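Next up: a single chain in C-alpha cells, the form predicted on its own.
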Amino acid sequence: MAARLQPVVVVILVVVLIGVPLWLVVATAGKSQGEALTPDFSLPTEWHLLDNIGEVWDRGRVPAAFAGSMLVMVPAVFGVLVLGSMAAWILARRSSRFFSVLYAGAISGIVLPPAVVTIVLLLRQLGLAGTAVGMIGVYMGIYMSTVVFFVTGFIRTIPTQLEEAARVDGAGPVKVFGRIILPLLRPVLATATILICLYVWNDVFYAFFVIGGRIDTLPLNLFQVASAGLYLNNWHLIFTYVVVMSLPLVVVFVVAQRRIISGITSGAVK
C-alpha cells in the first residue's frame, strides 16, 4: 500500500511546489488591474496577458534591460566555462598532494559565501565598480567553483589513452584540449550553462551592489521600477514582467533539454 501511494505523494508535492506558484504568476499576469489587486488563484474573467506584455514592454524599459542582462550574462558564462574547463582538465589529470589541495581550494567557493562588501571595495580600487566588466568578473569568480566541480569529476571518467594517442601524433596541450577533451565535455557543459545562466539571469543581489543602477538588467530593473512605485498596486504588470523575464530561459531550456538530461545522466552513470 505504501509503495502504491509513494508515486502519488511525489506527484502531489511536485504540483504543489512548482505548479501552484507557476499558476499564480500566469493567472495574475493575465488579469486586469482591478482583478489583480489581491492576487489569488482564480481565473481572469477575460485574459489581458498580451495587453499587459505590451504595457510592460513600453513602461518597464524591457529592451534596454534585456540588452543589459545579455551584455553581462553571455561573456560571464562563456568565460567561466572556458577557464573552468581548462582548470578542471589540469586538476583532473594531476594526482599530487599539491593539486589535491589546489582542487579543494578551487571548489571551496561552492560552500563559502562571497564577501559582498570586500568585492565592492576591491572593484572600486580597480576602477571597475559599476561597470559591466566588473560584474562579469564577479560572476566568473562566484561560479568558477561550480564549473570546476562539475567538469573535474566528468574528465576523470575519460580514458587518458585518448590524450596519449593524440600526443603521440604530435598534438600539443592546446590541441589536445580543443580537439579531444572539449567535444567530450558538451553534455556536462550544457548542464553547467543552464545552471549558471539561471543564476546570473535572475540575480539582483550582486547586481544591486556592484552595478548600482548604472546598467539595466531585467531583475534589477524590475526591482527598481517596483520599488519606485511605478507598478504600485499593479500586480498584473509585476507578474507580467516576471513572465517576460522568464521566457528567454524557458526557450533555452526547451531547446537544450535533451543535452541537459544527457549531461546529468552521463555524470550519474559514469
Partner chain sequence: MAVAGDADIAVRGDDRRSGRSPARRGRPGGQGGQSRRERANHPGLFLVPAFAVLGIFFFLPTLFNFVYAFTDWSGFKSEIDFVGFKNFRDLTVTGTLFGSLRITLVYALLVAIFQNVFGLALAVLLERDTRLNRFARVCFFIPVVMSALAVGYIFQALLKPDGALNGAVGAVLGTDVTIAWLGDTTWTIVVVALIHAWKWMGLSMLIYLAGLKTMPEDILEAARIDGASAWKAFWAVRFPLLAPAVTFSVATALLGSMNGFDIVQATTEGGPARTTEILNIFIYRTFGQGLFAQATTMSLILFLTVVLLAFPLIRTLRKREEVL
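Whichever C-alpha set is largest while still superposing within 1.5 Å between the two forms counts as the rigid core. Residue numbers count along the first chain shown, from 1. Keep in mind it's a predicted model, so treat the numbers as computed, not measured.
One more form of this protein, predicted together with the partner chain, exists but is not displayed; see below.
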Next on the checklist: Checking a candidate spot here: are 32, 129 and 154 all in contact with the partner chain in the model of the complex (at least one heavy atom each within 4.5 Å)?
Outcome noted: no
Checklist entry - Using a 4.5 Å cut on heavy atoms, which of 62, 222, 49, 211 is close to the partner chain in the model of the complex? => result 222
Checklist entry - Is there a heavy atom of residue 162 no more than 4.5 Å from a heavy atom of the partner chain in the model of the complex? => result no
Checklist entry - Any of the heavy atoms of residue 226 lying within 4.5 Å of the partner chain in the model of the complex? => result yes
Checklist entry - Does any heavy atom of residue 115 come within 4.5 Å of a heavy atom of the partner chain in the model of the complex? => result yes
Checklist entry - If you check in the model of the complex, is residue 67 within 4.5 Å of the partner chain, heavy atoms only? => result no
Item to check | Sequence-ordered list of residues in 93-123 near the partner chain in the model of the complex, where near means a heavy atom within 4.5 Å | outcome: 93, 94, 95, 96, 97, 98, 99, 102, 105, 106, 108, 109, 111, 112, 113, 114, 115, 116, 117, 118, 119, 120, 121, 122, 123
Item to check | Core-superposed C-alpha of residue 36 shifting 2 Å or more between this form and the one not shown | outcome: yes
Next on the checklist: With a threshold of 2 Å on the C-alpha, tell me if residue 215 counts as moved between this form and the one not shown once the core is superposed.
Outcome noted: no
Next on the checklist: After core superposition, I'd like to know whether residue 70 moves between this form and the one not shown (criterion: C-alpha shift of 2 angstroms or more).
Outcome noted: no
